[in-house]
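Encoded as structure tokens, the following chain is the form predicted alone, with no partner shown.
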């Protein structure tokens, strides 16, 4: 094998778990700690992952299909597979940040959600991908929200994701990382031991001439400087919590596809249908919400049974391999969203690492379709999955 081939082989990872291990080796402890899911005891974060382990498959051995399609349509976008990149905030894991993620998504034919807390602007990201959904929190006044919708529309965003599943429970039993307001001398001094222990991460930023800015350009008022993450977080914390009529109003202000993210209960799902949303995401914010909320995969079938014929239902939480995607689709999801899975890839190898994660997932989806004798992801159904009697939860 040529030296170049050897280098390629060594930089490629065959599973998301390997990407995560590489990310942990590469990132300063504080940065890695900020990515690790969970609040309080970590019950929900743990359930998000281990619940998939309890689901099995019912495979066939003949009559399999030589040609299999993973393509589908989500929120009006034709995509190469039923996997969307979930919006995640300030991506200090790699200098490329959301722009690198957007390029990877475009190269692999999938759509991405861009966080309003992102480190790159919606204009920068829409410039490299034409399948971007802009994510909003209910933060600031109605006028502020309208201004953000208008900005996203002008930039070319194809839809809106309204995230409602973030109560920001305080305290983790294993401790929370220290995140500075901005990178100044005090922060550098405090973070130096962890950062210097990860020279490759530091060098990747040093080559660009700047350290992570920890600012949120999409939260900036017109003509003003981007607030810091904590400035944006403060605005969200001070905002009055939305009522269902507030959510319906926001929906009415956007003409295109509109997702409400964070639904776990059947009664909430019905309300999301009533306000005219295009899609909902069954999610517990990666386990960072109210701890003890069941894994989304457990709550998914009840939501699908209640509203699946009236709205697109996505699942967000715990997806780490293609077979997880197939389990979610078999239980009624139209598609899934991934967050940490692609962040590990981004941390390990930048844009190519995100592409690697998407390739791993696509390969796993295809392999499961083969074993289940399906020619298309749209053919999956509940007979393909084996679940313990007490697995599912019906909330509300």
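Fair warning: this is a prediction, and the values are worked out from it, not measured in the lab. Residue numbers count along the first chain shown, from 1.
The protein also exists as the form predicted together with a small molecule; that form is not presented, and the subsequent description refers to it.
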Query raised in the report: With the small molecule left out of view, which of 332, 28, 339, 42 would have a heavy atom within 4.5 Å of it in the model of the complex?
Result: 339
Query raised in the report: in the model of the complex, which of the listed residues (349, 343, 365, 358) lies with a heavy atom within 4.5 Å of the small molecule?
Result: 343
Query raised in the report: Do heavy atoms from each of 20, 204 and 353 fall within 4.5 Å of the small molecule in the model of the complex?
Result: no
Report task. Look up in the model of the complex whether residue 283 has a non-hydrogen atom within 4.5 angstroms of the small molecule, and give yes or no. Result -> yes
Requested in this report: Using a 4.5 Å heavy atom cut-off, state whether residue 133 contacts the small molecule in the model of the complex.
Outcome: no
Query raised in the report: Using heavy atoms and a 4.5 Å limit, would one call residue 177 a contact residue for the small molecule in the model of the complex?
Result: no
Query - Non-hydrogen atom contact residue 98 with the small molecule in the model of the complex at 4.5 angstroms - result: no
Query raised in the report: Which among 246-254, 298-306, 313-321, 264-272 is in contact with the small molecule in the model of the complex, heavy atoms within 4.5 angstroms?
Result: 313-321
